[in-house]
Structure formats: C-alpha cells, structure tokens
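Single chain ahead, by itself, as structure tokens, in the form predicted alone.
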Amino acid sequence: MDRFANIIAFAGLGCFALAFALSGLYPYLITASTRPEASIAELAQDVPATFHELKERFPVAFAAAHAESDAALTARELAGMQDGDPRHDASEAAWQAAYARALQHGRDRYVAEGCWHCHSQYVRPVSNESVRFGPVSTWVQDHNALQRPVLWGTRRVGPDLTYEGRLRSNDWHVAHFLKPKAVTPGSVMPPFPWFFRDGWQVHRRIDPEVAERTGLSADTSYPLPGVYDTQAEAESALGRAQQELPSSLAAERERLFVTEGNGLNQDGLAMLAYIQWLGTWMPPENEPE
C-alpha cells in the first residue's frame, strides 16, 4: 500500500513538473522563432466596430480613459468631411492609440480579476474541443505581446475564450458583467459591479400613444448615452440634447429629463475591449510559418 501511495505521489509531482516545464518552454520557443512577435501597437492597427461603439454608448467614461478621444471621430462626424481632410488621419491614429491602451489595460484587468482561472484560452486537440470552442489553437495565435504570459488557464468552469471576440454584442457582455445569470441561466460566474459607475443620466420618456398602444406605463423611458458624475453635468447635457432637436420635434424636448444612471467605468470598458479582441487577430498570411 505504501508503494502504491509513493507511485501516486511521484506521478503527481511528475505531472506537475512536466506542466511547469512546458508552461515555461512553450512561450520561450515561440518567442525565439524567426518571426518577430507582434506588439500591442500592431495588434491595435485594426480598430473594430465594437470599440468604436463604446465611445458612442459610454462617452463620458471613454473620454476619461482616453485623453485623445476628441480627435477619435465617429463615422457620422467623418461623413461630413471632404477626402484628404487631415482630421481623417488624426482620427485613425487617435483610435489606434486608444485601442492599444484599452487592450493592455483590459488584459491586465483580466489577469487581476483571475478570469484565467475559470476560462482557458487554448483549444486542445482532445474531447471534441474544436466542436465546442473552435479550431485547435496554434502557436501563431499566441505570438503577440498580449499573450505574455500565455493564458492557458487552469480549469474550465466557464467556456474557453480563445475565439470569444465579436461573437456577441457589447450589450450582451455589459449585461453579463452586471448580472451573469440574467443572460446565462445557471452561470456560476460572479457579478462585477466594480466595472460600473453610478451617476446622472439623461432619459427620454416614450411617446404616450406608443405607451398606450403597447400597454407600457407612460413613465417608461430609456437612457441617452453618457453617465455624468454630477446632476449639474447631466442637466447641461440635457440642454444640449434639447437644442439639437429641430423645432418640428419640440414635443420631444419635453420628454427629456435627468435621473440617476449607471454605466461602464474605465476598467469595464477596457475589459470589454479585450474580450471582444480575443481570437480576432492572426499574423499576415504572407509571412512564413
């Protein structure tokens, strides 16, 4: 019996030593390859629509997180400019800088929150994992600065996140951060209320005729983008929103009001940007293996 216990103990220690060695050897091998490792700046060259959307949905938190956000113009702002306008190039550079910062911050938060304990980032060639999570992972996908150290994970309490990016909307992830069970019944993931900030927000009541036709309360409203730190700031935003409405929509102005609100903070924005990036990057196809 003692011999059997010793065999089990040595086997366990051997497996741990092998795993420890491979965890250090694998990153070294891919870093020592002939292909240069992609930097975060290179990863941020292609700014996705999901990140652009964050500025429109959470303008106050986005501006606080990215000092150059005024130069990062939305598609609507760019549409009115002529070709060759220097603000086009300045806008693209501002977006890339903001995206690079968000990816680094988001990955740091992902590690700090311990997300890698429950979510792996490596699809293994066993147990039909490719059916559940996507193609089997290769070293090429890990050959970038955001995979230092590589986040294989220790277990799969939650699904593998190798290809999670852009599979779901930003709204889904926001709801999942706040109340995981509301979007994934039976989830054991804890909520992350510290990814959100309380403040004041402009709301718009729905049209009384719409409320009557749909059976909703006449007090039903929906928020306009932007959660402000003070009520005064929200009141100022209310005034700007009312002024932007044409005279033909004067009735709409009366439906706008200020109330308490809640939205993503800088940490939440960065985490969302990182999650939406996962699995979306691959090196240029013309580079040799």
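Worth saying up front: this structure is predicted, and the values here are computed from it rather than measured. Start at 1 and count along the sequence shown; that's the residue number.
This protein has a second form, the form predicted together with a small molecule, left out of what is shown; the following refers to that one.
* If we take heavy atoms and a 4.5 Å cut-off, which stretch out of 201-209, 134-142, 175-183, 215-223 is in contact with the small molecule in the predicted bound form? -> Result of the contact check: 175-183.
* Asked: Quick one: does E113 come within 4.5 Å of the small molecule in the predicted bound form, counting heavy atoms only?
  -> Contact with the small molecule, yes.
* Asked: Does at least one non-hydrogen atom of P86 fall within 4.5 angstroms of the small molecule in the predicted bound form?
  -> P86: no, not in contact with the small molecule in the predicted bound form.
* To do: May I ask you to state whether S187 is within 4.5 Å of the small molecule in the predicted bound form, using heavy atom distances?
  => Yes, S187 lies within 4.5 Å of the small molecule in the predicted bound form.
* Decide whether P159 counts as a contact residue for the small molecule in the predicted bound form under a heavy atom distance cut-off of 4.5 Å. => Result yes; P159 sits at the interface with the small molecule in the predicted bound form.
* Asked: Can all three of R35, Y122 and L146 be found with a heavy atom no more than 4.5 Å from the small molecule in the predicted bound form?
  -> Not a single listed residue reaches the small molecule in the predicted bound form, so no.
* Single option in V150, A71, C118, M81 placed near the small molecule in the predicted bound form, where near means a heavy atom within 4.5 Å -> Answer to the contact question: C118.
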